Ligand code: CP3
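In structure tokens, one chain follows: the form predicted on its own.
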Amino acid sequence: MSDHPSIKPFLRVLAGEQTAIPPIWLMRQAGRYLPEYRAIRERKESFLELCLDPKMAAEVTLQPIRRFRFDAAILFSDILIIPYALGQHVTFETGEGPRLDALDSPSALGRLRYQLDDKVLSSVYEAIELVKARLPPEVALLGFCGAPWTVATYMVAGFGTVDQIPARQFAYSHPEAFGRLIEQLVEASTAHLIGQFKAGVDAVQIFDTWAGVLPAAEFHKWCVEPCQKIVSAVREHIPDARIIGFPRGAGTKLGLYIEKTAVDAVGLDWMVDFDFGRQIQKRRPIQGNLDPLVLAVGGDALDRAVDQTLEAFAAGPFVFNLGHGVLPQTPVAHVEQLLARVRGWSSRA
């Protein structure tokens, strides 16, 4: 993080500033909705191969910056790089998502490596260096990891489910074994985030996509406490590390999350009420929370939703984003409409 935050609006917000026009980036801003991404994807046999090719991963990361001039680029990679680097078999089936060799019993955890495969992760850090060298100076670079709970849900089940029952059952039935898996993921995620900072990212986001399926006690045990450990350990090595937490579906438990984890900012999913979001904003900068579906729909509905979000949050430290990732069917023109609406905000406010 060698650049002074003041030249990057995104980092100014993470530091607690309010900007006249909120900086904007979108989760999954590089992906299937972009024709240039689809063209480069056809050149690789597998999604994982694309993620682990530094030059191509860097190119995909930069594609939405060239087209839209977002205020932040997010590294093109995947949260399942960590289990892959721990020796778990990982593939991505077209139209079906990830497939892993399920760790469906305590004994199955013995198949994992004790340490991360540096050869796997070195390609990620090389991609960061390539992107960093080519980004405009005002654009921030984001790294990321999956939160231990969310990554563990895929590792245990072998795929994603609606409510991640396999991992929840495993945690209830074998709490000690599941706890060991979470601790291993805490250590691996910490090392991966530190590696990303050393390679040149300006900030990172911890994605806890499946936080919302857990009741309060399990949310604290499997989501809050692991994230707290990661944030603390990363800052031991990178004292000024800027970290965003995104516990999707946490709802009213967001207050507990930000208090205990000490993240610099928190991402709000599209289900968070504006009034509650403003209460969270008094305690931390916030990011979000447009419904990805309304971006796909476009038109007047998109304009209204953008205006409502800006009216709710633009008076404080706020990064405009979606409440989850860009849907593959989203027209490029709708993203252009979104950007024009957000960037014209100060003239309407």
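Not measured: the values here are computed from a predicted model. All residue numbers refer to positions in the sequence shown, first residue = 1.
One more form of this protein should be noted, the form predicted together with the named molecule, which is absent from this view; the next part is about it.
- Using a 4.5 angstroms limit between non-hydrogen atoms, Arg41 touches the named molecule in the predicted bound form.
- Using a 4.5 angstroms threshold between heavy atoms, Trp149 stays clear of the named molecule in the predicted bound form.
- Although the partner is absent here, Arg32 sits close enough that one of its heavy atoms falls within 4.5 Å of the named molecule in the predicted bound form.
- Interface membership of Thr209, defined by any non-hydrogen atom within 4.5 Å of the named molecule in the predicted bound form, is confirmed.
- Looking at 311 to 319, 297 to 305, 32 to 40, 284 to 292, the stretch with residues near the named molecule in the predicted bound form, meaning non-hydrogen atoms within 4.5 angstroms, turns out to be 32 to 40.
- Each of Leu75, Pro98 and Phe144 is positioned with at least one heavy atom within 4.5 Å of the named molecule in the predicted bound form.
- Interface residue among Val124, Ile182, Leu80, Val201, judged by heavy atoms within 4.5 Å of the named molecule in the predicted bound form: Leu80.
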